[in-house]
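Shown next are two forms of a single protein chain, provided one at a time as structure tokens under the names structure 1 and structure 2.
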Structure 1
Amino acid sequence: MEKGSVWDLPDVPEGQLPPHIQLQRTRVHCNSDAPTHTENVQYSGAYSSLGVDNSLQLEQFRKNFRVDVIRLEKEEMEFDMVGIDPSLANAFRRILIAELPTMAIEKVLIANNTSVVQDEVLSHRLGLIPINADPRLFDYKSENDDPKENNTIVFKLHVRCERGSPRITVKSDELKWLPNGSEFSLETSAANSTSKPKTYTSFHTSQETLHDFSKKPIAPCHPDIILAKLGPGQEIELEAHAVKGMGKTHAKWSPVATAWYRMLPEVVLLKEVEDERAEKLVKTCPVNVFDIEDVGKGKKRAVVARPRGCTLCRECIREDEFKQDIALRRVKDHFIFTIESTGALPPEVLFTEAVKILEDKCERVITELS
């Protein structure tokens, strides 16, 4: 027998993968029972017998990688990130959630609280209020640092429901920014009427003079967050000190309400679906992925009109009637990202800051390996 291999057959072109293997390599097949071919083949020698180099090439990555902004709103952004590995996509998501700093209330000084909300619960609710302050303008505060104008933001809350009045709702817009620092004096300070009493902060200058806050004053991002409800005679008086932190320490410092991604859906009609079957297929899909196209002579056929909206609920392939006519897939290197900001920073700023952090991580790894 002549020496050779099955890969020497003429129907397998040298230097490229057969179509069915290429499809398994680049797509996740979503069958009616479970997805298949979910693994990613990254090692360089996986297809060496076919003469295909599967190693990661920087120039090839630069050629294929791109970011397309699909939708940009005040607090939400949707974009496509194409040509990356899922591990990088997940690293980007984790940075958005846990490693981008924001300002959040960390210490609450309660002078009076006669409401039905306990001090601990009220402090927790205050900590979860998003603060409309750029964290890049402030420094981190350690346990040994004094609260100063460059690392602490002070808010005041003093609300009272007078006797004989109806119940009132205390909302986040009652938090008033104190640019000169705390107004609560320390009990340990000497009682000297000629000197300024020592407070819980050590501000040397007003925060209003440090940066231009006229266009974006420091305040809660949303003025209508309910903190408590006061009955007649009840009162809340407190100070809240916000500092800089990251979401991996506590969720209150996370700059996003959520950051998530999904692989791009791909819906393919393997056969023509016409007339009554086409109308039935259109009605089967709950998110209107399919549409009907008039091909003339009274004939109609189903077409894939909105594949991006497919949630892969698989309703169209649960019945045996269409199981052989439709292929549901996901593109392995095409991710649809959605960033929902809490309001502290715009989503496009969160995106660029996350890229900088990811870049710093890569440079740190290269430095340690070199």
Structure 2
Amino acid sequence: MEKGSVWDLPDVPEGQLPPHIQLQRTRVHCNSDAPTHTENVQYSGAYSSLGVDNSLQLEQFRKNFRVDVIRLEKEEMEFDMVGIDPSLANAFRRILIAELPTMAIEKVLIANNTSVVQDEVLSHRLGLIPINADPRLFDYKSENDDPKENNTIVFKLHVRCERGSPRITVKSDELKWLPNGSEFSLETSAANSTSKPKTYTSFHTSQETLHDFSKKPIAPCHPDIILAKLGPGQEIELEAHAVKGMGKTHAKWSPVATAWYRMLPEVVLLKEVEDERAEKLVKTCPVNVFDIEDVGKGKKRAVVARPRGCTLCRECIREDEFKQDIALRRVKDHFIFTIESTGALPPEVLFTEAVKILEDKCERVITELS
């Protein structure tokens, strides 16, 4: 922005910010050296000397808040969230990554492992497998709880590569769900052979009778995750116990591969860029943000066609040529949110669950204070 005397500034109607301050408030200015006006003005009285109220107005928020779904697939979605403070957008992101529960393998009982993969490495690999089970149907299992049908999922894996046969690859589809719990008996109960031998879990009923697990059997989300390779004569026999947990304990419980947002880029041509210069500008941008428009009489003009694709690489304002003609900005309250689910829950459900968790936190504080 050009420097000038304050007396030259135009009059601004009461209750409105002057345009340049409004611009600083709502946009990050991405200059060629460094971004400026990156802060968010939160304080309610920040503009009181200008007669502008910066406090939170719920009505105003309700009017301005907007969501647009751009892409919605089974495991991935992209949407725009407009008119919300970054602190909230970031809270949703943080909750998605670290505070939404899922089921993941926590205990591995290895009966036999003669493969080249060590027990602890194999267990770690098993832990990271996303499991297709709705975590909302299970309870957390604490240290002293017995593994029951409502807090544990048991899988069995037993593969052997026979001598003389070619090497085999063990994939995650070898993990077989045991709805009745563990099949390994505890050694202490071996003496009493009349009653049913005690195992590592104490299920009362089969999980198949619960919810609708019989229609949708529990299994890893993806059948083709490689766990180990077995040479002739090698064998793996183990049981894996999955429990409910949260991403902040270990990333294996994170329900998202990743969840991120970026602010909407805004590319503005401050001056007309015409003819050869327009051609040059179009060529400069590696992601084709600009297009050429015919204005008749053989004249051509550059226009901003796809600002959303702008990566803010600043290639276009690196040389002096276009520095004065282009303004690169980011809209501070427009978030392009992307959620990649690991498969247990669809991404749109994950987001609503994340918002619910923030609501619960607020409610907890309210009840604690009353």
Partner chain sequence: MEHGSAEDDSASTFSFTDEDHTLANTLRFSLNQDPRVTFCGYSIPHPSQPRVNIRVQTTGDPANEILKDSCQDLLMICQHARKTFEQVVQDFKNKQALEAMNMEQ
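Here, rigid core means the biggest group of C-alpha atoms that superpose within 1.5 Å across both forms. None of the values given here were measured: they were computed from a predicted structure. Sequence positions of structure 1, starting at 1, serve as the residue numbers.
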Out of structure 1 and structure 2, where do we see the form predicted in complex with its partner chain?
-> 2
In Å, how large is the C-alpha displacement of V365 between structure 1 and structure 2 after the rigid core is aligned?
-> 2.7
